[in-house]
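Shown here is one chain on its own, the form predicted on its own, set out as structure tokens.
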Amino acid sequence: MKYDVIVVGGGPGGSIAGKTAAENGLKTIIFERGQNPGEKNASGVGLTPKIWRDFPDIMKEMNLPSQRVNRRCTAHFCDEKGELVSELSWTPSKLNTYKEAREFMTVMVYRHQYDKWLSTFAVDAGAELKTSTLITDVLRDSSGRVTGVVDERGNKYEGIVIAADGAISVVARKAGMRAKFGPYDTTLVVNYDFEAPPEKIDEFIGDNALHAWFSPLYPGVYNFFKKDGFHIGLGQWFGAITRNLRGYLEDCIKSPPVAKMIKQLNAKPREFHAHQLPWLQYPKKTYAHNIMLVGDAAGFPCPLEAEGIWHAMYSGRLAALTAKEAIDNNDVSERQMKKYEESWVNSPLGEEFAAGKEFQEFWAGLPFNTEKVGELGDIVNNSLNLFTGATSHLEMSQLFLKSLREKGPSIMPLFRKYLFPYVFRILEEELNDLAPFNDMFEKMRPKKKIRRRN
């Protein structure tokens, strides 16, 4: 069977690729292994404002049963016993340059609802959606070049292939683009899904629907609240796993503040999930002759927090537009497909990876490092204590600086190696603009050393 475009995977990236291709007059088919798009997904998700910015005609219509608008995020720092030490919350910044980003942080939904809803736009645009179909191989011509795909029943389909089939992409492997992601390119993520009465979540959580938990007991934990339930989970790079991750997650759930939250919400565990999630410093090669990789298959989740829905949708659209150009030029060569990679590199998607190495390694070095994250929690809490009255502010400031010096040998190298290079790389021009402040800071320096009473 002959098509212009073959999309493998009916998730966000696949649906947008299919929609865009069909809207541009290309004969398009989308293959989904589940009975419905999203059926196989193992988590809920936070949709970022960038999706409303870049796909406004679609997102203005979203009204899913599970969605909850999140206007505030909270990070909880706990000690080695799991007890709460300090918390930080933040809301959308006024520095954001578009309306949605100033109004909310994320909108929380369940993927099985979102993916199914999103696929209707591809179908309405004219794409054919073929569900309950697993693609098992690629189709090659007599010269060995990929010309299409083969399903589990042996049916063959010819056309430009857009692989949106996730972290363990069959298309990428069968096409010889890669064996699989390396042990420090992908994470194992485990989470529990809890159901809870919506009125309880409204009362205790409201629009503070994204929480993160940090403790020496477990790697960084995410906590997403939807309309009638929530996910709580964690992940770790495969190469860094030293303990069963479910055990870490149980430690978090049993810790006093989390256990109290679950009790207040009358929450009951509904499902346990485990899945792979790419978390790369920079994507690998994303194209070959007649093939383009999008979303998780390309390794596009953000290197800082691993969010990947916008990345999948954005790359899916770019791939479909490249396919349109290839059809118009009657050219599906690797040289033509390279234009896809050039397009995402020079787009907001490429900007996400401008400091991917620093982002990923900083996250690995602190929030995912149970030996270091406790020290980070102490620093945060001690800094907040500068504004209490238990000890004079001058003395507390001096004690805080002394503690920084003591913790410096273990914490500061992480900041110097990962955080500072990011600041100087991305903000070099802006930092140069701060030079006039140097004289002001020098004039503000005390002429005499302030001494604290004994």
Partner chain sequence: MLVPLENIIHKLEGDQGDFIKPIRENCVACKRCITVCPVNLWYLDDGKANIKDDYKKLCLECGACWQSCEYNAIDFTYPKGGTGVIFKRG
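Residue numbers count along the first chain shown, from 1. Bear in mind the structure is a predicted one, so any value in this text is a computation, not a measurement.
The same protein also exists as the form predicted together with the partner chain; that form is not shown, yet it is the one meant from here on.
- For Tyr98, no non-hydrogen atom is located within 4.5 Å of the partner chain in the predicted complex, even though that partner is not displayed.
- For Val190, a non-hydrogen atom is located within 4.5 Å of the partner chain in the predicted complex, even though that partner is not displayed.
- Within 4.5 Å of some heavy atom of the partner chain in the predicted complex lies at least one heavy atom of Arg33.
- Contact check for Ile253: a non-hydrogen atom falls within 4.5 Å of the partner chain in the predicted complex.
- Note that among 352 to 360, 263 to 271, 213 to 221, 86 to 94, the stretch whose heavy atoms approach the partner chain to within 4.5 Å in the predicted complex is 263 to 271.
- Of the residues Phe194, Phe77, Phe121, Phe104, just one reaches the partner chain in the predicted complex with a heavy atom at 4.5 Å or closer; this is Phe194.
- Proximity to the partner chain in the predicted complex, taken as a non-hydrogen atom within 4.5 angstroms, holds for one residue of Val345, Ala259, Ala125, Ile241, which is Ile241.
- Residue Glu152 is the only member of 137 to 165 with a non-hydrogen atom no more than 4.5 angstroms from the partner chain in the predicted complex.
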